[in-house]
Structures are given as structure tokens and as C-alpha cells.
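Okay, here we've got a single chain as C-alpha cells, the form predicted on its own, with questions on binding and movement later.
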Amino acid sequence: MADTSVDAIGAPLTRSPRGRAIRGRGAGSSGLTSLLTRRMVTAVPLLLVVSSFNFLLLSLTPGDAARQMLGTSGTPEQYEALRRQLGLDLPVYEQYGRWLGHAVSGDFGNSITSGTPVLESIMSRVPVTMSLIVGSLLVSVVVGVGLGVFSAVRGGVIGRAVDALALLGWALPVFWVGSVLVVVFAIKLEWFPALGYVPFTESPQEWVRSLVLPVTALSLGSVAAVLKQTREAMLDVLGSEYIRMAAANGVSRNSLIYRHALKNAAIPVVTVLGVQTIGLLGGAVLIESVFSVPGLGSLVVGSALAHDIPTVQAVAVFFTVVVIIVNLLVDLAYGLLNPRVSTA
């Protein structure tokens, strides 16, 4: 929860859930410009660190793309010739420098294994992964916030039962949940397809059916986290003095819960949603493997196994950009929920 006090001049001073100072002032266009500038400045070194560290790890893994492409039938001469052709005989820092020089201009090269442009492969799979992540976020918000508010208001046995369900959802492994869902709902009941993905443009109905099981498995942990945070935040706000005063002044119960308490409990919930969104990127890798969904997760796994450095690097950069955007949206949401918020 964000804790509120006053500074030397009596202005509200709040500490956000992520430790940022919050002062009592409106969020104007200058504040938004400053926030965007700071995020852009920090994004550049972050991208450099992630891309360089990822490139180093890939170079340290056993084998290389040349050996993967030739298999066991290639001769040593063919192997060395292919390494020179792919530039794998150069020092690691020189390989990274060449990759970075092209990447800055938007050219991420071609896939070593398939020869197709890397950006083309990524953009064709982005809608698939985004469908999983956005669908899981919607489920997390609707179910997590709904059950969290319900359990906080009702309390008692219902509250304890919801807490137990949240703990169970948090503890179950994503890949295990996905496998169980396939066995029960796809193989035995035959309600949903076990594997694959149907694009929305082909059939909206089949698109929804192909996403039900993967989204359910992927969102389970996020629902548990959002539910728990919503319940704790609501209990804290509902027990505060200003809520008791509002109730004593005749404010209706629904207005107290949904207009006042939920709004003030939203900031820590937004923080958890931001963290869970980033976690869903990693979870999508497992889920896409379990359900054979042709998204970025399955692409990066296959590319890593084939030592396809350009593809893995591009996916890592894309995921890093998504993380930066999510953090920016969380900061902007702070300002919308509380106009006095100024993230420093």
C-alpha cells in the first residue's frame, strides 16, 4: 500500500508501492514529458545491457548454428567454411558489434536456419503471443479484482476460502495446469482443441476456442496474485478512518466500496498487474510449448535450440521493449488514479 504523510509545508507526500515519492500536485503535460524523457533515457542502456548479456550467453552455449545446420554428415572443411560464411569465426565482441550496428538501423538480419527476415518472423507471431497475454490480463483483472473485492467485503469463511484458492493457484506450475486442462477438457470432454491456434481472421469463434485453455492455464497465477493484493488493499482501505466517517455521514454501501474504497486500493493492484504482465511473457514461452501455439515463445525456444542468434536477439529486444512500455503504463496509471501522483 502507498503510505501518505505531509511534508514541511503541509502538502500531501505519498510513497508509491514501488518506492517513488508522490507530491500533492497535478500531473500536467510537463510532468508527462519529463516522465517520457526519463523512460527513454533509461531504455537505451537497458536495451544495451540485455542484448549484450544475451549475446554473450548464446555464444557460451555448446555448439553453434553451423554444426546444427550440417548435422553429423558435414566434413570439418564444410563446417569451417560455413562458420566463416555465417561470421561465427569472428570474436564475440566483433560479432555483437556487427549485429548492433545493423540493429540500430532496424535491420535485425535474417534467420540463420530458415533464411527469412527476423522481423518478418517476429511480426507474424506477435498477434498470437499478444492474444495470450492480453486475454490472461483480462481474466486476471475481472476474476482477480472481482473475487478480491467480494472476499474483502464478505470476509469470514468466504474470505479464508478465497485466500486458500489464491494460494493454490499461485503454487500450481503453469505447464502442469496446462497438461491437466488438455487431458480433461480437450481429450476426455472434447470441449476445446488440444493444440494449435486459429487466427481471428479465419474464424473468430475458433480463435476464442483455441485460446480458452492456454489463457486459463497462463492466467491462473496472475489471478491468484491480483486476488490476494486486491483483498489486502481493500481490507486496509475499508478499515481506514475516512471510510468510517463516510459511512457515518450516510454514504451508501455500494458507493463506499466501488467509488471510494476500490479507487484508493487500485494503486497497489496496478503495481501487481504490471509485474504479472512481465511475468506472463515468460509464462507464454511454456504455454506455447505445451499447446503448440505458434507465438514468440515457441519461436525463441526453437531458435535457441538451433543457435539462431539473430532471431533470439530480436525476440529478447522485443520483450525488453514490452517491459519498458509496461512500466511506463503503470506510472501513467498512477497519475490517472491519483492526480497528485508524481513519479520521481
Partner chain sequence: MNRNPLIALLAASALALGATACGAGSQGGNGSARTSANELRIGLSFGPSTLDPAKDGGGAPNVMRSLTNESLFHMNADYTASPALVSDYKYVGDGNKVFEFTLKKGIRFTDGSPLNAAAVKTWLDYFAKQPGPFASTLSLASVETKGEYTVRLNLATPSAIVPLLLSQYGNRGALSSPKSVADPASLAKGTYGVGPYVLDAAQSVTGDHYTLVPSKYYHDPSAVRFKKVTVRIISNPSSMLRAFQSKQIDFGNLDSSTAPAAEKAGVKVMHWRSGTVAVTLADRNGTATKPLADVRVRQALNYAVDREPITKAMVGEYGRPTSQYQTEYTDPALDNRYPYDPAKAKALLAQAGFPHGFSMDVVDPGSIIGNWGDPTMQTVAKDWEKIGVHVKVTPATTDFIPQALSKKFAAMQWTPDTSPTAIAYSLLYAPKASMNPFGASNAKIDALYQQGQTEQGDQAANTFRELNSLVTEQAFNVPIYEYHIPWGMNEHITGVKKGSWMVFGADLGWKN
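If you're wondering where the values come from, they're calculated on a predicted model, not measured in any experiment. Numbering follows the first chain given and starts at 1.
Note that the form predicted in complex with its partner chain isn't included here; everything after this is about it.
Among heavy atoms of S124, some come within 4.5 Å of its partner chain in the model of the complex.
Heavy atoms of Y93 never reach within 4.5 Å of its partner chain in the model of the complex, leaving it off the interface.
In the model of the complex, its partner chain sits beyond 4.5 Å of every heavy atom of G156.
When contacts are judged by a 4.5 Å heavy atom cut-off, G63 counts as touching its partner chain in the model of the complex. Judged by heavy atoms within 4.5 Å of its partner chain in the model of the complex, the contact stretch among the candidates 100-108, 264-272, 250-258, 160-168 is 250-258.
None of G239, G87, G196, P173 but one reaches within 4.5 angstroms of its partner chain in the model of the complex through a heavy atom, and that residue is G196. Every residue of the trio M69, W191 and P294 has some heavy atom no more than 4.5 Å from its partner chain in the model of the complex. Contacts of stretch 102-141 with its partner chain in the model of the complex, defined by any heavy atom lying within 4.5 Å, are made by T113, S114, G115, T116, P117, E120, S124, R125, listed in sequence order.
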